[in-house]
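In the block that follows, a single chain appears as structure tokens, in the form predicted on its own.
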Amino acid sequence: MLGKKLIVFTLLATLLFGALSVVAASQPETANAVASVVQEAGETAEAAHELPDPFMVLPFVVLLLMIATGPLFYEHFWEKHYPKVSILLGLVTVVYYLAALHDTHSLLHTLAEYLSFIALLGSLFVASGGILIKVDKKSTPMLNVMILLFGAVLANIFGTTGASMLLIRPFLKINKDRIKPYHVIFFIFLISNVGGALTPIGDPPLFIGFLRGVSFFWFVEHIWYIWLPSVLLIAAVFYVFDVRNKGPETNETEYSGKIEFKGGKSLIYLGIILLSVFIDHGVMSWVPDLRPFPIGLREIIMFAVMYFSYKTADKEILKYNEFEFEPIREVAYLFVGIFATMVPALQLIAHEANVYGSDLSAGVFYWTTGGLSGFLDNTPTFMNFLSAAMGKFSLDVNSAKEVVDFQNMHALYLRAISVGAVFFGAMSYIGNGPNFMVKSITERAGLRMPSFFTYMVKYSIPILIPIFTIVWLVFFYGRG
């Protein structure tokens, strides 16, 4: 039932805004804006619309605070009404842009981003639910470290979302006798975020960079020596945590040591999803451009995979994985509000970044891109600061040739922005899409996760900020 409601919700949103885009395209003053609506993030403010009032950041702040405090102080209200709260706050921003700014371009652009986001997360979530990975081994700190390191590598092949959805259930089951919140938090650190910094498949901002002209293998060539020590440091901290967790004193369970894998059909669906990522008019000229409709062939394929992978999945595997639609439903409702309410914040940030870009060093780009990526969508944040960094050298982010020139001549800046956008997504539950989904799956499995603030105060700030500071000191401080 939840799955049907989610599909209906997505289709209605698509049809509603699709109609809006057609109407907008018929108006001379907005035709040019709509013509570019489904191009990737970063085609910013040059659409001749005035900047929003800074007070319009308040709906985003309110939504963020309610996500943080709802489960703590008014849990029953929040669990029942969070979809209404998210949509209502999003509508405040939508009405403001329509009535006060007469800006349909920003709304349609955001809708296209949201549909791409939920198509990818939803299809990966459902497809991975039909895969069974059973590791019949005793949970040990070293085994857990190996799983986390494997997942960090896998994140560059299946994306942070794909790797997270594939491994979170077996990781929870392996540690069922000694599971603690820190297990899942380090899973989020390494597999849902930091791990995916080596390829455009790994994390959406890097894929957008690839679409703009950055070479596919540039990231692994220029980031691996930052990625490797960062991953190992986080894994080492996890080992210290895990070695102190002794678990039950009397556990006489016998383990066969076998690793079981089932669900080959769903693995094929995962492959289709990953291939569809590249089905973009900007990558392959033969791909039809469906503008002004705010959805492309890529998203249509992903939604189709979402439907058929569930219908054809082995029901026994779904049962074993305790598969249900609630985690993706929660992400869909919360992020529709987040995507809408963060539009003013992103536009104001883009403006300031371009105004002061010429005065910013590589280290400042690293911290600003990273700090904002922990709470805003890291894809437009990446593009805003990439645009500002290229402007610093009189280069245009919309020119593939100049993007190539930038990656070759000013690799330090592209490296700083890329690392910041990917790594800092681990700073909060909303820093990256799979974070919230992993949290939701974990809680549905019966483990109570830390609140939004506790996650940051107890884990991400004291653990990640020192490591990210070392990265800054070694690779970016005093450069550029």
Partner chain sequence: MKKLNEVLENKIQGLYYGNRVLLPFAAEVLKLIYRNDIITDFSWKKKGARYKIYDDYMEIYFCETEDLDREIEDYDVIKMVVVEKGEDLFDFKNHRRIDLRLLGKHKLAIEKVEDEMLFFE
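Computed from a prediction, not measured in an experiment: that's the story for all the values here. Residue numbers count along the first chain shown, from 1.
Not on display, but discussed next: the form predicted together with its partner chain.
Residues within 4.5 angstroms of its partner chain in the predicted complex, judged by any non-hydrogen atom, belong to 75 to 83 and to none of the other stretches in 75 to 83, 286 to 294, 331 to 339, 88 to 96. Only one of A445, L51, V62, A411 comes within 4.5 Å of its partner chain in the predicted complex through a heavy atom, and that residue is A445.
When its partner chain is considered in the predicted complex, only one residue from K246, K401, K315, K258 comes within 4.5 Å through any heavy atom, namely K315. Every residue in the set K173, F323 and E326 has a non-hydrogen atom no more than 4.5 Å from its partner chain in the predicted complex. Taking the partner from elsewhere, S440 is found to have a heavy atom lying within 4.5 Å of its partner chain in the predicted complex. Contact check for Y310: a non-hydrogen atom falls within 4.5 Å of its partner chain in the predicted complex. Its partner chain in the predicted complex comes within 4.5 Å of a heavy atom belonging to I179. Contact check for K134: a non-hydrogen atom falls within 4.5 Å of its partner chain in the predicted complex.
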